[in-house]
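One chain follows as structure tokens, the form predicted alone.
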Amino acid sequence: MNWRSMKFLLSSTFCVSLAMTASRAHAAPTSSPVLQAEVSDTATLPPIGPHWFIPSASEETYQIYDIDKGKVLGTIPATMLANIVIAPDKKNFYVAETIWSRSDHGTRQDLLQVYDAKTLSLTKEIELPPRALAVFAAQDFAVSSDNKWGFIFNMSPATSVSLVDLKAGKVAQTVDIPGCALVYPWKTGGFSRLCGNGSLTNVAFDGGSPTVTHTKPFFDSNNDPVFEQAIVDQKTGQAIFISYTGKVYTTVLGPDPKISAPWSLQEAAGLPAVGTGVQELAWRPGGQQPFAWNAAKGELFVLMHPGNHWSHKTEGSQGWVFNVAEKKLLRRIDLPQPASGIAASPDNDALLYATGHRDGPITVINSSTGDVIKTIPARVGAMSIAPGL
């Protein structure tokens, strides 16, 4: 190819390139996709189910688990000093809480917070007198079965109970009861308290002036005290107090409580009754939340461990299942790992939820067979609540 031919070819190529560039420049611009506008909404939860389980997840929250689906539905803000109650009508969660203006110091506020059970929105805050501060204990706070009154244990430093009008959103009055603590609600019309001399103080209250009565001591508070974590079935008004050695006192709460003669957990299992000797090794109840109750079948669940007297904080290696009416052991369940807390679902096919001292997991057990249904990896503590019927 000579120079003239090469010059013509380069010139032609350049012209074609210019023409293509011009054509692209005049072409219709490509349309951009239309973005959908964001829509704000609020997720809602289904009605509280029998297989919901709400354990402490950290020092600042409780998590709501749907055990059947194996997932977390939401969280409830509540510190390790808070107390949580599911409203009897299951429309709200109540949280008795204490906060300080500078996290751990400053101006103190004691509040009863009301969270909507569908949205977990904070709907109301009720100011309280200084309430008792201790690690979570269900017996620090109760709600009357008609959902009208909240009963909150105070200690500032005298012991008393605030009677909170939940509809009006205010404290109606405070009842001073020296030497007694905690709250055990009746079926209707009041609550009882556990006293240092081994007795119960009973407060009848229907919105007017409270009436206070006292029982005689029914347990040895010095040598064999009862656990504060007594079981209360609010639908029947029955309470079950269990001592460190395993004595069971079934009680019908009211102005004049009916306290039964004690029976032994160990004797119900065909073993000798347990004494208070510090060198006496035996199966004993223990843990942070050592008892659970299934009202549908009248079954009591107890975390048990081999230990000496005063080992009542020790985690349980077995769960014992009792028929309380017959004072009979039904079965002993070997736990896959030691548990410090136990709870039960309220239905006929009761599930047991066993949790560790700090880091979980949640072990879900068939209460009738003792079989492990599932293990949910979760960093949860021993303290928890489960819905009633």
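All residue numbers refer to positions in the sequence shown, first residue = 1. Only a predicted model underlies this, so the values are computations on that prediction, with no experimental measurement involved.
The following text describes the form predicted together with another copy of the chain, which does not appear among the structures shown.
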| item | value |
| --- | --- |
| Proximity of residue 104 to another copy of the chain in the model of the complex, heavy atoms at 4.5 Å | yes |
| Contact of residue 77 with another copy of the chain in the model of the complex (heavy atom, 4.5 Å) | yes |
| Residue 206, heavy atom within 4.5 angstroms of another copy of the chain in the model of the complex | no |
| Exercise: residue 99 in contact with another copy of the chain in the model of the complex, heavy atom 4.5 Å | yes |
| Candidate stretches 88-96, 161-169, 121-129, 294-302 - the one whose heavy atoms come within 4.5 Å of another copy of the chain in the model of the complex | 121-129 |
| In the model of the complex, the one of 259, 200, 111, 240 near another copy of the chain [non-hydrogen atom within 4.5 angstroms] | 111 |
| Within 4.5 Å of another copy of the chain in the model of the complex: residues from 201-227 (heavy atom criterion) | none |
